[in-house]
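Given next, in structure tokens, is a single chain: the form predicted on its own.
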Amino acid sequence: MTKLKLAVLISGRGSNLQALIDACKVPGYPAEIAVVVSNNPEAQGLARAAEAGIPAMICDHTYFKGDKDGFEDALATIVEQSGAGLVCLAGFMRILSPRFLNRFRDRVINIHPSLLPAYKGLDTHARALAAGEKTHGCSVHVVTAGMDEGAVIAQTPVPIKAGDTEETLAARVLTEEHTLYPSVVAEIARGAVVIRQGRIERDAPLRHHDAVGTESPKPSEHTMSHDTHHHDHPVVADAQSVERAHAMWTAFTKATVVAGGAIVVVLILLAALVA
């Protein structure tokens, strides 16, 4: 079976990245992660990728000093070279412009912690609680130049309970995100969901909580596999490699700035460090 290759873009702890990593280990899952890219050299998600043996790269937006076009061109080059057919934002805290999105038209999706179109942007849990909402949730949507404005592919509602705090609500929503995102990716990989000119076309019903609350069976324990996930170019690294990479990144960028170099800085973790 030919699997859909994913490029996962992160900025932080990478819990939704981990959900995708775990899903890709399930026999028959129709996608695989080709590369993980972080704009933050200290993102915890880089260690998750390293532990899973997945190629990971750093493309630090701060190095580009206001040159957003340069940053997005570098980011797009990494994605293109990975051969990814779908770009999954997983806690990626940068707004992508049409310059990037036009290179991957109808191939960029995001997971957002609200029932869009309600509560776009940040602090969604606190805002939902402050508004006295009875239901909150999460959405997977197509990424467009407008913040959280793209077509919604699927949603999972999460009831707000009496006494909920921002933290307790966020934790329950995050649990649902970890189910929803891999499920939507699988449907796209199988062709059951098609993104065409920013619109959603479906050939089969989604197999998870969707906008009307349909649920499908989750994989049973005996279907789970702990085998190492295979890539075209297997790379093995550990958490120490990530730490060494961060130190190398810091030293390199400082030296480059002093020298006045204006180059694209992409640090390839894993492959360069394990010898």
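What you see is a predicted model; the values in this text were computed from it and never measured. Quick note: we count residues from 1 along the sequence shown, nothing fancier.
Beyond what is shown, the protein has a form predicted together with a small molecule; the following relates to that form.
Undergrad: Out of 95 to 103, 194 to 202, 159 to 167, 108 to 116, where are the residues with a heavy atom within 4.5 Å of the small molecule in the predicted complex?
TA: It is 108 to 116 that comes within 4.5 Å of the partner.
Undergrad: If you check in the predicted complex, is L75 within 4.5 Å of the small molecule, heavy atoms only?
TA: Judged by the heavy-atom cut-off of 4.5 Å, L75 is well away from the small molecule in the predicted complex.
Undergrad: If we define contact as a non-hydrogen atom of the residue within 4.5 angstroms of the partner, is V87 a contact of the small molecule in the predicted complex?
TA: Because no heavy atom of V87 falls inside 4.5 Å of the small molecule in the predicted complex, the answer is no.
Undergrad: If you check in the predicted complex, is R13 within 4.5 Å of the small molecule, heavy atoms only?
TA: R13 belongs to the contact set for the small molecule.
Undergrad: Does the small molecule come within 4.5 Å of any heavy atom of E177 in the predicted complex?
TA: Contact with the small molecule, yes.
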